[in-house]
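A single chain comes next, written as structure tokens; it is the form predicted on its own.
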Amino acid sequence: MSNPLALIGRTATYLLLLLAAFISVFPFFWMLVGATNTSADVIKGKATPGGALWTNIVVFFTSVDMPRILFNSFFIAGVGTALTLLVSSLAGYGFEMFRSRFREKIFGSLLLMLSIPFAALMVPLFIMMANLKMINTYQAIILPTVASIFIVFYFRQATKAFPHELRDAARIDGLKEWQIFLFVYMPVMRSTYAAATIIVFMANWNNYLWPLIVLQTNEMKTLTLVVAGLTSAYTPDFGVVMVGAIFATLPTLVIFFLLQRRFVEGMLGAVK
């Protein structure tokens, strides 16, 4: 016979999980339903599908240069993610594999920089980009994100589980350090790379504040900026805004579901 207290505890746990799931899923449900309704229905709080989806899609595509905006977003997020993974994994590999009496002090100083808010860096960073003639360019968005301290920390912690015997065996076989990194380390750490890809891509794709400051023409704007701009109108069309939000959400969902299994393995520190 089951324990009544255990049954009550299990029921309470499931209820809390259901509540958490509802809170997590409801914004997506509201976004999908809102995209099918008119702005007036969204304002009224209508929570059932309507018949304005096609109209909202047409208005959105006539208001926005979608091919150019998607190119900007994918180029910035894709190139930024690739460069961040390369630079940060190299740094994490170096911090863990090469010993120096200053190593921990330098690494500790880097971690301390995580406490500096981005708002404190915006003005000097903007002045730097202006002096380099990079305002309103892709470089101004990508370069400041390449050296991610958090991703360096993440790769260093993951590298602690990397089998050093593989590195020693590769050295005996005559491989140089860069060959060990490319042909031994990267394939073994693919789960870590997958998890880092999701984290970095989502951060680059959803980046709002810095692109808002640096990108000054409509031709250079990203999808995040465009969707935010739709809400700043005097009378925003919330149905159209929901359509834009769907298009802005889809790429991150696709990346996550494609790499979901690797993401879990990478977060658990799996090495294969």
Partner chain sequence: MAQSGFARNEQWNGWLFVMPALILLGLFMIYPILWSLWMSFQVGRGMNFSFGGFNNILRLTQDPVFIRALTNTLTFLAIQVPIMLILALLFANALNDSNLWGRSWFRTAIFLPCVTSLVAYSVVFKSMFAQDGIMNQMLMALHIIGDPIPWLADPFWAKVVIISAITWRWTGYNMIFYLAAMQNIDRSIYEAARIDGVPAWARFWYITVPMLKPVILFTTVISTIGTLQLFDEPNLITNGGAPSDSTLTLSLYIYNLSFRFMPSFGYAATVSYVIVVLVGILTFIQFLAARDRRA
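Because the structure is predicted, anything quoted here is derived from the model rather than measured. Residue numbers count along the first chain shown, from 1.
One more form of this protein should be noted, the form predicted in complex with its partner chain, which is absent from this view; the next part is about it.
- Using a 4.5 angstroms heavy atom cutoff to its partner chain in the predicted complex, all of 116, 224 and 242 count as contacting.
- Checked against its partner chain in the predicted complex, the residues 143, 175, 188, 169 give one hit for a heavy atom within 4.5 Å, which is 143.
- 129 is the sole member of 158, 151, 195, 129 with a non-hydrogen atom lying within 4.5 angstroms of its partner chain in the predicted complex.
- In the predicted complex, its partner chain stays beyond 4.5 Å of every heavy atom belonging to residue 54.
- Although the partner is absent from this view, residue 238 contacts its partner chain in the predicted complex, with a non-hydrogen atom inside 4.5 angstroms.
- Contact check for residue 11: no non-hydrogen atom falls within 4.5 Å of its partner chain in the predicted complex.
- Taking non-hydrogen atoms only, residue 66 never approaches its partner chain to within 4.5 angstroms in the predicted complex.
- Of the residues in 6-37, those that come within 4.5 Å of its partner chain in the predicted complex through at least one heavy atom are, in sequence order, 10, 13, 14, 16, 17, 18, 20, 21, 23, 24, 25, 26, 27, 28, 30, 31.
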